[in-house]
Each structure stands twice: as C-alpha cells, then as structure tokens.
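Below you will find one chain, with nothing else, as structure tokens; this is the form predicted on its own, and questions on how it binds or moves follow later.
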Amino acid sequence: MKTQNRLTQNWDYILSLDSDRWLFHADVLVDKAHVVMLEERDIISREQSRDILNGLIAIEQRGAAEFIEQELLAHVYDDVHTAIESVLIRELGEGTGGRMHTGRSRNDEVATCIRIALRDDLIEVMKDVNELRSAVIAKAAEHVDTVMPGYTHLQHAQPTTLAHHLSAYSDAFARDFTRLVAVYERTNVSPLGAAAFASTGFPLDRASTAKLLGFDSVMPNSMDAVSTRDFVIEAIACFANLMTNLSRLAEEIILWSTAEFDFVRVPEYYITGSSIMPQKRNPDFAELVRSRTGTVYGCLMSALAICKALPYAYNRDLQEVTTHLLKATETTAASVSVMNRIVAGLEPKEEEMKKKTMVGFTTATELADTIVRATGISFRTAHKIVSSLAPVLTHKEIHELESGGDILRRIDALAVDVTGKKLSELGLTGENVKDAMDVCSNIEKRNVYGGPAKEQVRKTIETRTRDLNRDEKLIEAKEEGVKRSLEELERRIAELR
C-alpha cells in the first residue's frame, strides 16, 4: 500500500492537469489537421483516417473535464496528448489508432497546441483591453470640463482635467494592445511537422496543416520549432506591462477614493465592508489588481529562469513554462475585466476635485510663464521669483483673489531682491497676475498637442475613438482568418467521413 502511494505521488509530480485542460481542445484540433494531411499525402488510408477522425470527434464531445478524469487520471497517463492517442488505440486497435502519430512527436504537437490555445486567449485579452479603452475614453468624454490637480511626487503640481488624466491611460492601454498584436503574430506560426526536432522521413505537408489550423506561416527550423518558448516569454512580458498600467490605475482609484482625496466613489459591487467597522468602503477589487500584478511578474521571472540555460532541443523543463503562461493569462484577463467595470461605474466628485485644485499653488508655473511673456526676463529668473513667493502667500490670497494688485506688489518686492527692478515697471500688470492664477485659464493656455486644453483633449478623444474602431476591426479580421481555416478543416473532415 505504501509502495502504491509512493508510485502515485511520484506520478503526480510530472502531471500538469491545468495545462492539460487548457490544451484539450487545441490537441484534438491538431490531431484532426494532422490526420487529414496524412490521408492527403497517402501516408494513411482513407478508411484509417475516417476511423481516427470519428474517434477524435467522440473524444472531443466528452469534453476536457470528463476525459481527463475518466482517462488521463484513471489510466495514469502523463499528459492529455498521450491519453488521447491511447484511447484511440484502445478503441480502434493499434493498426489504426497507432497511425495517428505518424511523422509526429509530442514535442511538435505540444508546441502547436500551446500556440493555438495562447492565440485564442490573446484575442480575448485584446477584446478585453479594447473594452477597457472604450470605458476610459467614454469616461474622459464625460469629464472634459472636470478640473483636478495634477501631481508629481504625489504633490500638487499643475491644474489639469480628469479627461486629460484618463486620456493618458487610454494611450497606455492602446500601446498594450499593439504589443498584444505583435506577440499574436509571433505566436501564430506553426511548429507542426518538426517532430522531435529533426523533422521526419515521411513526406508531410507542413504548409497544409498550418493553413488548416489558421496559422499565418510555418516555423522554418525544426529544432527551433519544438524548443523555443520565446513567444511565451514575450506574451507574459506583454501581460506584465499591461498589469503595470492596470496597477497604476488601480492605485490612483484607491487613493482617489480615500477621505484625504475624496475624488471618486467606487462602484458598489467593487467595494467591501469591514467585519468590525460599519462605515468602511474598501476598494478590495482594485487592491487585488494591484497585488496580482506581482503574480504576473512572478510568472515572467519563472519563465525566464526556466528557459535561460536550456540546450536545444526539447527538455521537460518547458512543461513548467506552460503552467506559468496559463496563470499569467488567466490573471491578466480577469484583471482587465475587473478594471473595465470599475472604470465604467466610477463616479467622479467634480466639486471636490475642483476645490482640491485650488490647494498648493498649482498655478505657480503659469505665473512664472506669464512673467516671462510680460517682462522678457528669463524663465529661470522668473522661477526664482515665484519660488520665493510661494511660501509667503496664504491659501486665501491665492484663490480668493479679487485683484492681482496686492500679489503684484509682493512680486515686485521679491523681484527687486532678485533682479534689482520691479516687474510692474517691465510690463507685468495686476490683470496678468490674476489671469495667471486662474485655474481654468491655466488649463486653456496649455493648448498644445497633447495638452489639457479642451480643444486638445477633444481632438485626442476623437482620435482615440477612431484608433479603437480600427483596432476592433483588426481583431475581427484575425478571428475571421482563423475561422475560415477551421471551417475548411471541418469541410475536409466531412469529406473523409
């Protein structure tokens, strides 16, 4: 009994059940395409291909959960790929079922399955990212006039708008999308037909199986085809970058929802209470997005560490890479989905944002710029004068200003110390000062490409909306290409059956 338990424990060590479930449908698809090609190349007979294909369809109809439970685990196979072949041999006999694997190794089979499964998941993540982009753009469009403080070092810096702030995230997520597209293209390349690593003596048609499975091309080197997992590393790296941007947004929402900021109200379904403190509204979902970014980073580091010193060709170490890929994919997809719904339901507190913009002399930069424009002195000199002014102005003097005259006199006194001259004598007026210290005027003066002025933000929103529509069509085109290929595969199967 103890010996049996030890054997079971040892066997469990090499299993990767989560990966097997993930790859089940991809494996059946790869088997079908390979069998169709074997028949077309006269490597197996029409009758054999028909029986194998019918057997594969029956296995597929059982579903991943049932098949793995009743076959892989019950018969102690080490992976789903071996289990499928073994079931076919059991039901069709080795003379027929044993022919499916002709000219193929588990090495190229598994590599192909991973690429198909990842390809499908990348499409779904791209869709989710576009939904998030859409939510961010829509929220920005609602808040072009919502003034808020901008920060550097988490200190009040300059006035901006919520639309301008959110547009920054829109651009970041757009770059994440382009990275996902790039890794999709490097993933959607077929290794099938490379066999163990040195290809095969059978006259396979690698281009045919690639086309039937919806791949864009064939990997040219058979050793590289089965050995590389650089596409996995690149995918997890893209997920890590995406999670970084999600985490930054999550962190800001967490901060903004505190009493100290009080900028936003997080949607009811994405907060939790406290077991002891009745008043609490904890932004737990955003906090988990922030923390699970570290989970994806860990997957990336693990994949890199596993692959860093593996000699060509295949090594069993690569099984562990798939485990980390699956975890990173699932974590990222869930996090994007959560952040999409949080953003869509976020309730900005416009009055509180505007009030906080009045704190911290956020108009100081524009005052320095105004001094430069009005007097002709250098910006660095104006910077010295305004930095000396900041500590001596009270909150009331800055933001309940009726006339710029009093502050102009303070500026003149400081300017004499710095330049030996009063700035009022060089052209600076009280009206200049008052206009410079108006928050909304500050924002509208920043009417340069990418700036927070209404005109620029509205243009940005229009452009990003067009970009989003273009990117959604790109996904549709990729999906349609794969769909047509798989439909052709099913047509070929129907002819053989």
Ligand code: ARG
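Just so it is clear, the model here is predicted, and its values are computed rather than measured. Position 1 is the first residue in the sequence shown; the rest follow in order.
Below, we turn to the form predicted in complex with the named molecule, even though it does not appear here.
- By the 4.5 Å heavy atom rule, the three marked residues D79, R316 and Q319 all count as contacting the named molecule in the model of the complex.
- Comment: 308 to 316 is the region of 308 to 316, 286 to 294, 166 to 174, 267 to 275 lying near the named molecule in the model of the complex, near meaning a non-hydrogen atom within 4.5 Å.
- Checked against the named molecule in the model of the complex, the residues K127, R106, R409, K354 give one hit for a heavy atom within 4.5 Å, which is R106.
- Just one of I137, V110, L346, A117 comes within 4.5 Å of the named molecule in the model of the complex, counting any heavy atom, and that one is V110.
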